[in-house]
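Heads up, the chain below is alone and in the form predicted alone; it's given as structure tokens.
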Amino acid sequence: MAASFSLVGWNRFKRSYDFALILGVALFFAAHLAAGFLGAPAGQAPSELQVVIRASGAAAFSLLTFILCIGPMARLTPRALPLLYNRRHLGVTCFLIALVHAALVLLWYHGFSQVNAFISLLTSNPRYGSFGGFPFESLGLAALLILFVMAATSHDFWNAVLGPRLWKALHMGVYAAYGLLVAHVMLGAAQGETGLAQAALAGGSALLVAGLHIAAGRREAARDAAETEPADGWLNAGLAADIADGRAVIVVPPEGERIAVFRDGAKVYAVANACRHQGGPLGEGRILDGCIVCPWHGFQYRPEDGCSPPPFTEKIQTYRTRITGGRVFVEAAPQPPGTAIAPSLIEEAG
């Protein structure tokens, strides 16, 4: 978190991830360029610009596929959480590479047209009713516009201006952009010399993304289905001794947000599971220096009242708890955001 907005908020961990990102992109380009030049048939070597166009397009598509895999991977294993923490930088990098790809396409194929390059792109092929001749470039342009909106509003300033719900809904457009790009690649491959291999890679990537999301969704649904109805308005969160110190267990009320039940030494607290920043799962974070730390972007909340420490103003709902027979029970009805509630003490159990 930061008391004021800054253009770039790097720390030691982000620098490490960004270095790995830049290195990975550089190696991808190097491998793709080498394959493009060395793998070309004798006498049919493509121009340098054509190879860079293909490399940038492949890099942007591959990076977006990887980005969309991070979310469900983080639901399936906590080892993917560091990638989730750095996902915003990946997204902006993906847009910049896609922008380079689009600019080079306009320059190479439409830059010398007698009309504006954008007009040429949109009007040179009007065969929208033909599968074999469909103007797949327009699909890529539509995807690029969506990625531009997302990159332009990626900063926390826009999250604060638009509000978490609208900001989140806007950034869900990444799935529409990805669908457009899959169609862009597959239709382009069907009309080019790459044939079925490139189309199969694009389709396989889409199936991978869909498969991971389905697997993560089924796991979450199974966990939710295992929850029992509250007795007298209270939910059974399990044995207090089973909650790791500084960590949480998640319970699901009949209505509303999931509840994160944290243990801090001998104290037990319960707060809403959704972070006010981007809806991150607070229950997958931990208590550090007396504050719950969101695993996505490090936003902090005091467990006793759900308030962010000054000078921050974010607040989340809190819940009453009690310990009976060594088990933690949480009242299903939330208290207003920022309501202070005394913790239950494990020593008093039983």
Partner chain sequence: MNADTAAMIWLALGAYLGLGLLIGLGVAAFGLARLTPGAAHMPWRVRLLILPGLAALWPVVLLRLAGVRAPEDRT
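Being a predicted model, the structure only gives us computed values, none of them experimental. Positions refer to the first chain, counted from 1.
What comes next is about the form predicted together with the partner chain, which does not appear here.
Partner proximity in the predicted bound form, defined as non-hydrogen atoms within 4.5 angstroms of the partner chain, places exactly one of 69-77, 202-210, 254-262, 157-165 at the interface: 157-165. Proximity to the partner chain in the predicted bound form holds for none of Leu96, Leu99 and Phe112, with the criterion being a heavy atom within 4.5 Å. With the partner omitted here, the residue from Thr153, Asn86, Gln191, Asn236 that has a non-hydrogen atom within 4.5 angstroms of the partner chain in the predicted bound form is Thr153. This chain is drawn without the partner chain; in the predicted bound form, the residue among Ala266, Ile243, Ala215, Leu170 with a heavy atom within 4.5 Å of it is Leu170. Interface membership of Gly179, defined by any non-hydrogen atom within 4.5 Å of the partner chain in the predicted bound form, is ruled out. For Trp108, no non-hydrogen atom is located within 4.5 Å of the partner chain in the predicted bound form, even though that partner is not displayed. Although the partner is absent here, His184 sits far enough away that none of its heavy atoms falls within 4.5 Å of the partner chain in the predicted bound form.
The partner chain is not shown here, and in the predicted bound form it never comes within 4.5 Å of any heavy atom of Gly132. In the predicted bound form, the partner chain lies within 4.5 angstroms of at least one heavy atom of each of the following residues of 98-136: Phe118, Ile119, Leu121, Leu122, Thr123, Pro126, Tyr128, in sequence order.
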